[in-house]
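In the structure tokens that follow, the same protein chain appears in two forms, which are kept apart as structure 1 and structure 2.
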Structure 1
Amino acid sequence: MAAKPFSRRTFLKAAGVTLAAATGDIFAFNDWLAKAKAAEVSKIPSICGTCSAWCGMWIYVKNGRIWKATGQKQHPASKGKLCARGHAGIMWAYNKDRITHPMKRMGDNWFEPISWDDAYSEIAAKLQKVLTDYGPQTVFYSQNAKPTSRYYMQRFMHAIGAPTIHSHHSICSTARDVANKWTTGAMATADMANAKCILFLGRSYADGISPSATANLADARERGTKVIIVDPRYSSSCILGDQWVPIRPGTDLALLLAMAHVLLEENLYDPDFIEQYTVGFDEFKKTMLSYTPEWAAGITDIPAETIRTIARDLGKNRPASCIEQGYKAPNGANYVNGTQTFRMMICINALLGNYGKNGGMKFPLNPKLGELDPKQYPVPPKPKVPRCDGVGIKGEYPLCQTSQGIPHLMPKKAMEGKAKAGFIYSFNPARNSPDPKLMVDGYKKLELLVVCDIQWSETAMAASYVLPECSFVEREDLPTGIAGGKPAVTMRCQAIDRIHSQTKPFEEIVTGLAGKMGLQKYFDFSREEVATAMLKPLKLTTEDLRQKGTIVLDGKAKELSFATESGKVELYCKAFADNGYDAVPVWQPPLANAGKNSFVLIHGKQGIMSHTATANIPGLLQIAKNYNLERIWINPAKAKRLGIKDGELVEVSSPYTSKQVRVKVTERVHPDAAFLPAGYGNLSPWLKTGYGFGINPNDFCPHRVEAISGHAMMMEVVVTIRKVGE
């Protein structure tokens, strides 16, 4: 039977009749509009969930919908400002590509809805079978950690006896973090407010945006701080610097070795700090003798005199000078020499004697949060089996941190039969790690993969079950401490009602599954009870945070100390030596080197994108389209030799794939480098907004695991570029 045509006039007529019947009056649009405009506006504190900077925000709600957002002035990361990602990310709740029901895989790209109860029952049964047949060492959990997810899922993993818990850091900052753990014991940050000279290596505040950090950099420049930026590309931060020093990709370690040589040769280091706070100086100094600026110039493409000048600028301004720490940079997760590159950064800061000094590197203060009383709320025992990623195990990855692990290794472990079941939360390793085909193929080898997310990521598309979390504006999370010069505490509060009734906050998802596993005794509490216990030592309540959002606490700097095995900065690291690694950093070349007509493919963030998750937000993607932000950058010298002009369509090829994108010909990139922004190239067809726009650097790079830290070596690949049609 054919449906009767339903016109706009028919709809308006029907609507008018319905309203008249309900109210006794005819619907008047102007009256409705006046009432809507006059509606009360609520102001709710929250934490931005668009990237991992976690800026504090105020969300304004009108008529039950999000109206706008502003930054919390008291939050250390936002200081009253939000970036474009924060303003756009609040609209994720209304995105058309959200996951709205629990889903079960039925075939390739074929999922069907399933009830929550059935999902819990089936997942629990399959997980129990894996535990019985293979043991808890074959189960892993990977996350982009949030306070709530970290708390609940760690209890769950411990309750089933599984130790393998990952963060996203092996594709971000693992090398930095491992280097800090074994060299200084903890990560210090630059005291930019008092620095006279600061050096950045591949770190761009204005691209991997933290509003406060970018503002601090601008303020430092205004005060006369000398800002030197070493990077293969002219990043967005370079406009705030005094000097851009282009460097050949992957050679930052050579630059640092030569800088140490200059500081030692010209007595520009702090002998008192070295004597009191370091070990291994004699071995370190002896090793640095051969690394002259002339030697480094031939490797880095930086003139020897420029290297000397950078070292002298730091040395003459010590201790109010430093090398700022980065994350996904040459010292993060990108090169084979990343761990030792960061060790050298730390060693140079130690030579400057800047730890604990104004203008140097300072260890942030952390608030001490409380916990539930274990006598009232049973705590599961810590697992006794080894991790399946080899982290902390002699002969595998003994120096990598168990708090981070190596999540991008799990697909290979699945192919080897060493991983059988996995849980992944708010993390998309299938797209944001090198070699997406290997990642997906490996995940599909698992007997069980459960993904919890808000949208159809590439990792979700590889899952056995997909469980939909509500977006960050639709839930309240546990309090979290903020480390800094003064510690602080903050909490995300729920701004609007859940839009999709079948989505749930993460703690409800974990608690529901735990119940089906017979583990309810470990979760016999509410999130409010946990939050109250966390805040009790601070003499604060959840209501305080619901009113104020972020509260800055009193804190006094402790006497300078280093949480290493020696209690000092380890210029010579015994733990490295004991495990077969160089105890003092030495030159280690990158794996990838550009040829006459080839490029090292480098990548990085843009201020409007965070990995690939935000490419599916319409407003942000439109900015990218309007300004051609997806293009690959190459230097005019090579472009001319290859017959390539700005804006032309080119084919980018590595031994692993070939893809097409338009080119940006610019002097803002070193001739040996081709820069590709990392936020595009969604492969999931159900991310309908971002699908098909741009290409992604991970498609060109092989799956690798660096020996010391386990990071992904994400820029160790050479590509060729040719104009399409030739």
Structure 2
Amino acid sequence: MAAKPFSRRTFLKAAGVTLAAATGDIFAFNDWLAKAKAAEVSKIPSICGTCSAWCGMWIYVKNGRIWKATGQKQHPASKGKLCARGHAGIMWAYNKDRITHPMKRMGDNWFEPISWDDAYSEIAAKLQKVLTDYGPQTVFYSQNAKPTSRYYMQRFMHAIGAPTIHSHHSICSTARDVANKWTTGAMATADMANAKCILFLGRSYADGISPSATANLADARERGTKVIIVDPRYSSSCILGDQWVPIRPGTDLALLLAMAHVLLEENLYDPDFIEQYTVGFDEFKKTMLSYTPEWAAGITDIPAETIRTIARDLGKNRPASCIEQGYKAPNGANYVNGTQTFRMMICINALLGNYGKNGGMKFPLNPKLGELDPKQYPVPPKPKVPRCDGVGIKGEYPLCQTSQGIPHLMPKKAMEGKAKAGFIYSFNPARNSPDPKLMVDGYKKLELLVVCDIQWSETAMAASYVLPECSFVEREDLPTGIAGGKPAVTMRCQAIDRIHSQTKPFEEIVTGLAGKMGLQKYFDFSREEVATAMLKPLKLTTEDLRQKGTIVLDGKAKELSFATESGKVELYCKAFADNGYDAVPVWQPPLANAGKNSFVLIHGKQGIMSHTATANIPGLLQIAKNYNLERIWINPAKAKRLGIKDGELVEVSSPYTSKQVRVKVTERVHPDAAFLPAGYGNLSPWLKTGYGFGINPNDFCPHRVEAISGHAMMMEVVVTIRKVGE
């Protein structure tokens, strides 16, 4: 299956053969081409690791090297296609800036290689000391959203009695997820294929890409679906939309309150749905009455008549109309009012009566995977101590989900002495969260920080030990379920042998460390055994997945139900009231407001970059350079007032920092907003390709934690911009 390793010795041997066979014609192109064509090609199913869409891919391998990749047709995110990042990400394996050995930090930007055995022993000893001196509540584990190896680290954390486990969502979508949990009980997704009218708040399928979502948007356009996009800037999705509605940053909540007002006032809602499936309609209606479109127009900068038209478009097309749930723009991790903004999106979808209906919001079906028999394979008990991020604790962050937690809070907790040791896997919070200096200073206060990455991320640079994983094309991972209209199951398989012999899959690393901690009994199984147990209820085997990659399962839509405390959509949310939050959303202004000569600093994805992880991939960075993609966008009216012309070098300043970048002067952005692409500004000097290119919005924003869901409020900052040299 996996091809031969590409070592220097095999290369020299192969070169010798060529030389002997082709005397006098060593580098002839035809000879090379013939050999390349004659090479056997193997096709291995994998899962793209270049963003959290986790597309199913086929990797084609020739002569032990990756040749190309294509998207798996049956995988719901790829549907036969990959994006540019996916095509580039397969080459990560060969990147010159990979971490190739376990490393121990000796000083600033100074690490020395260490053997795996010594690394495990030293880490285990330091961890044991932290556990003895301060207790397991001071240990945390933070990771990216998806990796299946959470299975191993969760066991490890429970085995040491430590409850604080994080995903990256406090800088992504935690406000959305918390609002969903308490309002509908689970996350429904927009049924684009059948919608007659759909409203996007910031979410941009053509920038924050998954190939199938981008294709769905194009199809919707072809079908004549009315697509309305509210965004302070004209995103790449707007060419596929009917209407771009520029909005003042951070004010979507006012728009939604006024839309609810119109739907109620003009009887454009579904009374039967409200009666059968919601609680709190009377309080909700009473609150909405005061929020007129004229009131919202002054706040959002959207004319009252436009607000009425948007509400009517949705109301008249109900139930085949909806507000797409998005990830983060106004409702995920960016503004102080994000949690209530998302609650309002749900409330409007409920007014439209669109839950469970074609063209509305549908709850995806999850495949039910099995597990190892706990009698044969002991499971560590759930930890009893409280979490160190306050999640689930009354008076701190009671409503935030324990499955997500607040990872960006850990450096602060380290400064306060409440966090002492941390493990971070496949996650770069030091660069992807606001205030990188605080993040790094805090992490360095820990007695132990272990980071597992493939490259020298900013977080790795702050670690006491850096453990190198092999990249996604070099390993097989556990199977994973995919929720959707039809549930599916998929597995990443190993396409090539490891390039660097000292790199390992995370599961081996955790198991090795557990051995040194005396916790072998919880890890006495092979990955094959776990994978087999997971697939058993589906009557599938690991071989099935190694052949097919992704398998779509049968699944029948369940009767509509809501997994909330009341069993209904909570227009009035009791849990919010019980914890001192507004039970019905009310207007809450953003913290940052632009002045005559200042801007709210907004940001977003570009189709060719994943967060700050891909700027170090040479092919992708070259595209960014060729097309000046790092520039900050400002509106011509304001640019003129500030004496700034397109392409000039400007200094962007917030109370926290000043940095220079070139400017893109464009009508495509609201005058109150400056839009900075989010993928640049790598600070780690060992990311040699990306280092020094562009600047990053997180540098300008302070460290903060929103009160309800605990997100980072990443766009709540005002900047000034002036021409350099003035």
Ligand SMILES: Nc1nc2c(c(=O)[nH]1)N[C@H]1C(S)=C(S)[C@@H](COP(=O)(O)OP(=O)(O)OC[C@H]3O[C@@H](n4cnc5c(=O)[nH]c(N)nc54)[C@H](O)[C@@H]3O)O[C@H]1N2
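Keep in mind that this is a model prediction, so the values were computed, not measured. Throughout, residue numbering runs from 1 along the sequence of structure 1. Under this definition, the rigid core comprises the largest set of C-alpha atoms superposing within 1.5 Å between the forms.
Asker: Which number, 1 or 2, marks the form predicted alone?
Answerer: Note: form predicted alone is structure 1; the other is not.
Asker: C-alpha of residue 34: shift of 2 angstroms or more between structure 1 and structure 2, rigid core aligned?
Answerer: Yes, residue 34 moves 2 Å or more.
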